[in-house]
Every structure is written in C-alpha cells, then in structure tokens.
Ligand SMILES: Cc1cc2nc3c(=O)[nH]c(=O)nc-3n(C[C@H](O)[C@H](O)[C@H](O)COP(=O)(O)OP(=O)(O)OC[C@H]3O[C@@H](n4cnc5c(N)ncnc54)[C@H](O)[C@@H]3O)c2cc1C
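Only one chain is shown below, in structure tokens, and it's the form predicted on its own.
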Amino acid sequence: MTGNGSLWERLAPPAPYCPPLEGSARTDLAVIGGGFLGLSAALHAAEAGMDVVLLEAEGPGFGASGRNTGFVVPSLKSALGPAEAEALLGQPHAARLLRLVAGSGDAVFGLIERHGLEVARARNGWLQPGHSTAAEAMLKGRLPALLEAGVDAEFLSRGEMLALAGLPSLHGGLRVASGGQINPLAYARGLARAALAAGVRIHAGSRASGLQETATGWRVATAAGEVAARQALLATNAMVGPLCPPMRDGIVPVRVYQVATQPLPDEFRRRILPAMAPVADTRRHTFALRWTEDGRLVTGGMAVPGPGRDARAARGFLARLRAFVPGLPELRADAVWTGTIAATMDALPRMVRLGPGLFGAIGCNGRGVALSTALGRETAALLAGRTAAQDFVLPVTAPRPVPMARLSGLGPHLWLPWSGLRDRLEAQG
C-alpha cells in the first residue's frame, strides 16, 4: 500500500489490503476519497444498512488526513466563536454545528474504543493559550457560550497554563477536556479496517477520473473500472483535482508542513507538555506543539513559497520551537513532511449539492481529525435518508466559488510575513 512520507508512516500499523477496482461494480453509495471524512461516512453508511464502495486514489489516509499533527480539537478555528458562527450561519445551523463540534472529540475516541482500533493516542485535553493579553481576555469571554454549546472546557490562568504546557511565553486560555492527540495515519488505517469489517468495499490505487449522471444515479470511472451508484459523495477535500471543478473552485488549498525532532530525553517530556495534551495558540500563524508516541516534538505550519521551501521550513520551525521552548538541546529535523488542507473563506465547512444524489463535503480548515469524523457520521445519516436536508447540521447549498479560485492557494502563504508581524506586535503588547 502506498505510504505518505510522514513520520506517522514509520509508527503506524500497516494499511489493510484494499485491491484496486477492476471491472464494474454497483452500489447504493460511492464515496470518493479515503481520508477521515470519506472513511467515517462510508463506515456509518454501511452500519445504517447501505451498500458502499469507497474509491481512494492512493491508500487510506494518504492525503492531509494522514499527514497532519494528529490533534483532536473539539473547536472551530480561533476566530470563530459561537457568536461568529451564528452571524455566518444563522440559526438553527449555528447551534447544530456547535453541538457537532462539541461532541467531535467523543466521536473520534468513541470510534477508536468501539472498534478496537490500533491507534496511539492520549486523551488528556487540548490546550488553546492566548498569544497576548488581549487574546487571553477574548478566550475567557468566550467560555460561557462554549459551555452553553456543550463544550467541556475550562479557563486556565497564565500560571495554570504554564503548569500544563511548560511554555512561559504563552498566556492563559482554554483547556478542552474532550480533546487530545492521535497518530492520524494509524487512525485512518484503523477506520479503513472498521469500514471493511462493516462491509464497505474499499479500492485503493483507484483514482476517480470521471463522474457522469445516469438515469439511475451516477457513474464513477477509474482507470480500470467503473462504479454505478444511486448516490455519490465527494470527500476529496483539497485533492479533488480536475474531477469536479465546482468543488475545486470552492476551496483555498493551503500547504502545511510538519517537522519532527529527534527523540528527546525524558527530562524534557516531564517539563514540556507533561500531560501529553497538545497545544495550539491563537496566533494567525498558529504555534502548535505535541509529543509523539516515540518521544519526539512535532510542530509546523505554513511556509513562504520559493526555492528550497522544504529546507527553509525545517530550519524555520526548529528555530521557532527553540524560541518558544527555552533550554532545549541541539535539535535536528528527523522527519519533514507536508500536506494540503482545504480551507474556506469563512473557515466554516460546507455541504454542497452538485446534482441529484451527488454531494460534496469540504473545508474542515485544519480541524480535520475531529470535525471530519463527526461530519462524516452526519453525512451518512443524510445519505441514508435518516436525516432530511433541512435538518442537516450544515446548510446544503450549491457550490460557492472563492475569488480567483485557481490562484487562491498562494494567498495564505504570501500573507505570512504580515500576519507574523502582527502576531509579534500583539504578543509584545
């Protein structure tokens, strides 16, 4: 099975055997994309009694699902509190989405436990400290609305946050108890095993190359076969490519790097994130940090485009890590990898109707582990007829292209120097 070049590839159990599609198949539901969202939707749809075929271009978790930091974050992006979500979505969808997000950590860890998935994990909460005094106050003011939405959260003073994170430059903030961390590639492969056990036919190495409406549903073509399905779900996120231009034009693809250090002595594990609770602060260019199951620190983010970007990214993130964590030994980048996430202009996910019985879910905006898992479950209920479109967690809309869609991926990276400057000035204030 094709690997993805990440550190998680070294640590995860092998992928299950998923033979390429050959010839013709018929099914109730064709799912295109074997990341968290597609695998969760396929698993839950099969458990609801549907016959499901999942087509994956490479192997389960090959894309951003298996390349991220593995944070289980029961929260939307920092800029999106309950008030902002309501302003953008209106009611009742804002309340539905916030409830979904509040329970998304339970969705991940519940699946791991229910199916006995072999996934390295730590469920000791997720930390969101402020990067400035103003950001700390913002997070404290947001707590009552989060609690009302069902989020298991508490506010930590700067001293309390320091005790849990060991990062003296960060301020007080939130601890979300239902969050944590996992090996994301192991989780994707575990979901694939659970889906196979539920009866899903997963075909890896089977890139969808054509999508055509028929009298009875949809025909999905690959290089060596085709699937005739009553319904189809595009769960490709940033890797949709030319298969469906309306979906591609509805996202901002953002390339994100991850850097893992060499294994570090236990003395550092006792001082930095001693509870194994991952941290992601409120900067525009977020500072994120976690331990791996084999004793490495992992951090990352975006990098400015240009020659030698991979090497520059590794040097830059290690330098940033040393600035945030005083007293570290000499660091080296033992692993550097990258993946592309699907962002939206308002940082909210989308459920798109592309035709009769053809849907697409996109835009988890860096919250993919938890949000994609929970959204996949709800999507399965929609496709199985257990949830009506008007009762779905998100508005089911027509595609919405972003401005200058084919160039949109450059924007976040070119914005980095300015956003970094603003982060630094705010942190000094």
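Worth saying up front: this structure is predicted, and the values here are computed from it rather than measured. Position 1 is the first residue in the sequence shown; the rest follow in order.
Omitted from view is the form predicted together with this ligand, to which the following refers.
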Interface membership of L243, this ligand in the predicted complex, 4.5 Å heavy atom rule: yes
Exercise: A235 in contact with this ligand in the predicted complex, heavy atom 4.5 Å: yes
Contact flag, G339 vs this ligand in the predicted complex, heavy atom cut 4.5 Å: yes
is_contact(A208, this ligand) in the predicted complex, heavy atom dist at most 4.5 Å: yes
Proximity to this ligand in the predicted complex, single hit among L29, V369, V393, L43 (heavy atom within 4.5 Å): V369
Contact check for G34, L37 and G63 against this ligand in the predicted complex, heavy atom at 4.5 Å: yes
Location of this ligand contact in the predicted complex, chosen stretch of 235 to 243, 167 to 175, 109 to 117, 262 to 270 [non-hydrogen atom, 4.5 Å]: 235 to 243
